[in-house]
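Take a look at the structure tokens below, where one protein chain is shown in two forms, each on its own, as structure 1 and structure 2.
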Structure 1
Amino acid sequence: MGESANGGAGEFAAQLPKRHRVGRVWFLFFLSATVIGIIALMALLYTVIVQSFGFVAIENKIDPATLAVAGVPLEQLDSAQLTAILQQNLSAGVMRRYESEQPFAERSRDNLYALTMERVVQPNLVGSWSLIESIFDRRTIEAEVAREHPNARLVFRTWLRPSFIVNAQASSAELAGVRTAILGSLWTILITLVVAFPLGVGAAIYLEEYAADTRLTRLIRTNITNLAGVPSIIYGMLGLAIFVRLLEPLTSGAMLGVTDPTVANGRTILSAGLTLALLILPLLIINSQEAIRAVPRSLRQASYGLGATRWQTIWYHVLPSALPGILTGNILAISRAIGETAPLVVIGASTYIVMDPNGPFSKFTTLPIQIYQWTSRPQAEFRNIAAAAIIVLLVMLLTLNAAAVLLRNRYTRRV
């Protein structure tokens, strides 16, 4: 054993602790980066949850107790009594306008009650606090409300309440709900699905099963990859120019004679659905291609061997065994479409709609657009309902993704 070898080993051993120290420092960096990612998700959820609960101070213009008729509180009055209250408190002009919208005699009790609340009682939020403030600064909040709004009462509010889900859009945060937005989202997604699913799966089948390796095929493949990277807002501009303006006779329903009186142009659910369909198409094609590619070759060859034609092979053998993969991939693409906001703002989703959408030719708003709209308002209470709407949106997406997982598991067991 030579001197130098010993010296080399000694040097190696001497440097070893330092090298391990450096290793540990970097490891800590890698670990903390991962922890930061997790903290970011926690912070996001925390913000949303904290904002959707908390104290609110409500000041009624007219105390509901004074509206009680013969000892029966406002909530239990019948339609005739509510109409009478409305007549007493609203001007004749306003009453005529409501009468022309829908005669009072035909209105439901709930509708009349909502109208009474909105126009007569006029609950007004004068303050709103987040959950954390409500828990830890309760005294300060009570003192502040007693000092500045002596007529207001302090209530602990769960913003995500049943009435929030079933109410239509309204101009005050107190009465607003997300029913129109949810229906708008569902209609839009339905159109997107009906258009994008066949096109996407069809294109994937063509590319995987039919296309020869020609220049055109290569162009289509490269093109799909590039389209997947185009910012969504660009699709919005495409939709605005093509579907909203160029194809206005079709998308507004005028061509088919289904003109909705509230629609003046092509800014309809149909335009939105088509735009989102183009947006998710590349993603859908790529996912479906992967699923089809995973089907073993032997399956196709067995089918051909029995004399099946190409389409019979695809329809009876390739597609059924690729289906779980296609479904999973497509549900992920669709959940992207549900959360998409920018292109719909660009094609001109209406932001204030009280009427429920009733078909592809209606004006519409969607849940993400509603969230965007409420977030942009300066008043704190709109932040609260935006947070509640975010929870609704996240629950919708979560349900879809869970469905994707379940579907996949179910089909995988069978095939």
Structure 2
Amino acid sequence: MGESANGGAGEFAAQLPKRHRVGRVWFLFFLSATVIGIIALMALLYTVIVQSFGFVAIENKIDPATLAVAGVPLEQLDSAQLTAILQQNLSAGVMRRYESEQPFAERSRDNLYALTMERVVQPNLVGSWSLIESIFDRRTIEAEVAREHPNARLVFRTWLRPSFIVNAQASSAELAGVRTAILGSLWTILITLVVAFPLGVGAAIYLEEYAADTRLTRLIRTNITNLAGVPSIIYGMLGLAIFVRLLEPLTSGAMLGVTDPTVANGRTILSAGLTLALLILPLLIINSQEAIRAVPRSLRQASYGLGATRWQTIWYHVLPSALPGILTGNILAISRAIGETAPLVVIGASTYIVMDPNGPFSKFTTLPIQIYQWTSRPQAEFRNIAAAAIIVLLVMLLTLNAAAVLLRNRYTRRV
């Protein structure tokens, strides 16, 4: 027996170096995967930040100083004075078009100022440079601008500035902003969560707590899992067929008395929100099922033993315990929905819109659509504002996720 024990110990000792080598190999593999992921993330952030700052050369068609009224500079004029400048410098046809879009009497002073800058002053970006070029090649840039564009002024531009957040879209990168796209994204995500969250959690509760383990139930679970991997553009085609065309009286608002002719085809925020709700619904159901399944069976049995009904057990014990996991799935769903572009393009999201959405029956655009539209433009300055819009999208996404994480942690502490 002693010889057998010594033989086993000797075999273990002989295998130990090999086991250590295998462990080191897997350690290096996991470490390399982590390092590669960090490098890829840093490269993304580097590219976005470098494009969001740098020198720009601006050349105005009309000097803003020449538009001053009684010594009052253009940026301090009131709405009536700005309207008068527009009437003096734009044709009657253009003025009628703007009046039909929104009467000048109803436009804000900021809207009139932005319109004056865009159509009268017409600032033109004749050159833009990245942050690295601006830091290391400043003298070369100054000499190039002085030689090729003597009337232009060279300024260091932070594209992610307050006016970029509050301005609407514009044909000039100098004046363009993401306000309309931000509002469109928030409206769309709100409708998506209001529809998808209760449906997803309700379906998970039924499948885990009520449905019997039959062949039909197993088939439903399998199909839900498969739907989570369907390409998003397929959901866009489904949304186009159902929400835009079949349910057009509802999604356009005609059924509720909305008579806006610009949304009579059903390509509205409501259609977009319902389409994205279908997109994230399988993900919400699967994550909610896993969270409910993780609640110990003994908790349910203890509740039944005290005389509680099945619904009381679910409402007062199962759901509070599963809620942190459900909110984790909600975070993943928000992350996917807020960055989607393909399904929104299919159902008709606008690539250029200057009017803010004011309800679920409005025309819309979103930040991903706006970024896609700007990156497809040939002018280099539109890539700069696209990079700034990416930062805005990341901040908005992280803010929404942080709110969900705080809510999840709050319920975790309660449990």
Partner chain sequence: MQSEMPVKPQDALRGFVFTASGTSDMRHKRRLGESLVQAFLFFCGVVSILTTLGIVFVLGREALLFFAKPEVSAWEFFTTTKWQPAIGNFGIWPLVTATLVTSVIAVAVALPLGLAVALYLSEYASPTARGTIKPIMEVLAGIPTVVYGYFALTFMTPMLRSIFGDGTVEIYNTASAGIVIGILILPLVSSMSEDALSAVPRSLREAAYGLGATKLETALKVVLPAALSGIAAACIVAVSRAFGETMVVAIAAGAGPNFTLNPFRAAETMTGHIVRISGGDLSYDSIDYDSLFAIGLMLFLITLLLNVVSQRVVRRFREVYE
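C-alpha atoms forming the largest set that superposes within 1.5 Å between two forms make up the rigid core. It should be emphasised that the depicted structure is a prediction, and the values quoted were computed from it without experimental measurement. Numbering for residues begins at 1 and runs along the sequence of structure 1.
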Can you tell me whether structure 1 or structure 2 is the form predicted alone? 2
Is the C-alpha displacement of Gly359 equal to or greater than 2 Å between structure 1 and structure 2 once the rigid core has been superposed? no
Superposing on the rigid core, I want to see if Ala68 changes position between structure 1 and structure 2 - specifically a Cα shift of 2 Å or more. yes
Rigid core superposed: Ser232 CA moves 2 Å or more between structure 1 and structure 2: no
Can you give me the Cα shift for Leu77 between structure 1 and structure 2? Core-superposed, in angstrom, one decimal please. 3.9
With both forms put on the same core, how far apart in Å are the CA positions of Glu106 between structure 1 and structure 2? 6.0
